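Next up: just one chain, as structure tokens, the form predicted alone.
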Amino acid sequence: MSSQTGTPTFVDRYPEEASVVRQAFLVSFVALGLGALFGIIQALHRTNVLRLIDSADYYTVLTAHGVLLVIVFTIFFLVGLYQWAITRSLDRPAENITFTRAWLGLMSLGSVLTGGTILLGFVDEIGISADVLFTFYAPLQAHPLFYTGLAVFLIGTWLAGVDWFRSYLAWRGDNPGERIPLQTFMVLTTMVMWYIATIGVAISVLFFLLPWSLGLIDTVNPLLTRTLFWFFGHPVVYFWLLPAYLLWYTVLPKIAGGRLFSDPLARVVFVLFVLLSTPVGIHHQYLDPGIAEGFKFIAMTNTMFLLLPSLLTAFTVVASMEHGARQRGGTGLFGWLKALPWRDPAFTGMALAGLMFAAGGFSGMINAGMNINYLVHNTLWVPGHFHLTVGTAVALTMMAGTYWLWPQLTNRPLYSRPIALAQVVIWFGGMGLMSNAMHVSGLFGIPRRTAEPQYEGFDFATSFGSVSELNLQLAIGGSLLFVSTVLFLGNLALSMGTPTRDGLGQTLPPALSGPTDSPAVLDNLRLWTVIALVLVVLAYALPLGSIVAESGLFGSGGNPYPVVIEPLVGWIDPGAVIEIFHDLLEVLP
């Protein structure tokens, strides 16, 4: 422990909680390193630049890459960050540190079971594998250990939420009538969303996939398990993203030299994610023929509403950065940008991540549109979008946030800020090349999820370049991302050996517009939870009911052709609809 001169650090005040945060981060970063290794292997293999594996093992590599990065890396970082945030913002230790260590242990056990099952797929003699990709729905089947590990991991995350709600309720008992501190509000709303979202995947794993893999039931309904997965699979995107939002809203303004522009807007954004993130998952199933087109249209409409919290975030975060820049002497319409602390790797990493997120938002709108989605759905466009959002907005923010947070968890300064700055810039450049190549390849119809995309025997006219050029971009971009990951992990490892010192503590300033400027109803978590559940029932009751009615809980799935919402066919006369629109056009000015 430091001598505690100056502002005390988090580890000075809460040494046991800081230990939990460090352990969660370390698991997260081990997963990041392994996931990045599998990422560069598949990038070089697919582009035929360097083939280190047999193509038969490609899906093992792809599954390991996806699960390690989007499940283990992101969620372990989230629980570490949120443990820090709720402890710091409530200014109280965990209610029972043994319970806190228990849920972290459960998550670790689940990760070892699931990750180990995937990696055993490289050894054919053992006969254990889980080449089911990150999406893991039927008809692909994994070894029971894979699903068992997922279940244990999920239980660990649920208990983490219980732990944080216990801290909040204890704080509430001591502080009746106080507004919920912003970081705690973000933690609690995220967990409300997580509890709702994981209902689908828990049912899928416990009642269908695990019994099926154990041989207790002969078949499962593939369409049903797909729908239950995407019930979870879209909101999990926000589960990854909201820790980045927490850093953008509460830490980035401080690093920029200013204060958060609006606490109320931040609360509105997190409430909107609670309400809107789950009832939209069917937009991932536009190409599934067993779901009526009307349900897909409703999901598309709901998805477009999700642009609102993203736009609110862009406004609030940029306004906060501008305030910071002007406090540092910045002037002019755009001249204030030069006053921002671009030599600080934490700031630059988060700012570049936010810039990439804006680009990912545009490509996400393409994915959300039904007709355009049909053109890009099974192409490289989709992983291109995915790498902009979770691969940069989330991952780069987490790495940049670590540069700011790690000294406060250890009392040790960062080993090298120049290396850290180079690392975030290399990540940005590498992702720019790789995601651009993926998006353009997707527009040309180049498929995703294959080790052998061969295009011999026909002309392939392109607008911007050849397939070889796109492959080269992808390979170079993937290599830069791997180098960036090595720099991040190496810098962090060396930071563990730097001498401890005091004076590393940081405080977070209050927002320019504080919580008292917003209506108290924003803090009514029970109300938002009930509304969110009602919206989920409205969005999913009829689609799930129709899937089960069509082919049963364990049937073979829906019909292999598009369907419509049959009751509406008899009720609506297309001619009458056209006549109504015609009349409306006549009365409009």
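Start at 1 and count along the sequence shown; that's the residue number. If you're wondering where the values come from, they're calculated on a predicted model, not measured in any experiment.
Beyond what is shown, the protein has a form predicted together with protoporphyrin IX containing FE (HEM); the following relates to that form.
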Query raised in the report: protoporphyrin IX containing FE (HEM) placed by superposing the site C-alphas onto its pose in the predicted complex: is the shown form open or blocked, blocked being 3 or more ligand atoms within 2.4 Å of backbone or C-beta?
Result: open
Query raised in the report: Does L241 make contact with protoporphyrin IX containing FE (HEM) in the predicted complex, using a 4.5 Å heavy atom cut-off?
Result: no
Query raised in the report: For G39, is any heavy atom within 4.5 Å of protoporphyrin IX containing FE (HEM) in the predicted complex, or not?
Result: yes
Requested in this report: Please run the contact check for V70 against protoporphyrin IX containing FE (HEM) in the predicted complex: heavy atoms, 4.5 angstroms, yes or no?
Outcome: yes
Report task. Please run the contact check for V390 against protoporphyrin IX containing FE (HEM) in the predicted complex: heavy atoms, 4.5 angstroms, yes or no? Result -> yes
Query raised in the report: V236, I255, L504, M438: which sits within 4.5 Å of protoporphyrin IX containing FE (HEM) in the predicted complex by any heavy atom?
Result: M438
Report task. Quick one: from Y540, F29, W528, Y58, grab the residue that has a heavy atom within 4.5 Å of protoporphyrin IX containing FE (HEM) in the predicted complex. Result -> Y58
Query raised in the report: Which single stretch, out of 441-449, 146-154, 168-176, 104-112, brings residue heavy atoms within 4.5 Å of protoporphyrin IX containing FE (HEM) in the predicted complex?
Result: 441-449
Query raised in the report: Across 481-513, which residues bring a heavy atom to within 4.5 Å of protoporphyrin IX containing FE (HEM) in the predicted complex?
Result: L481, F482, T485
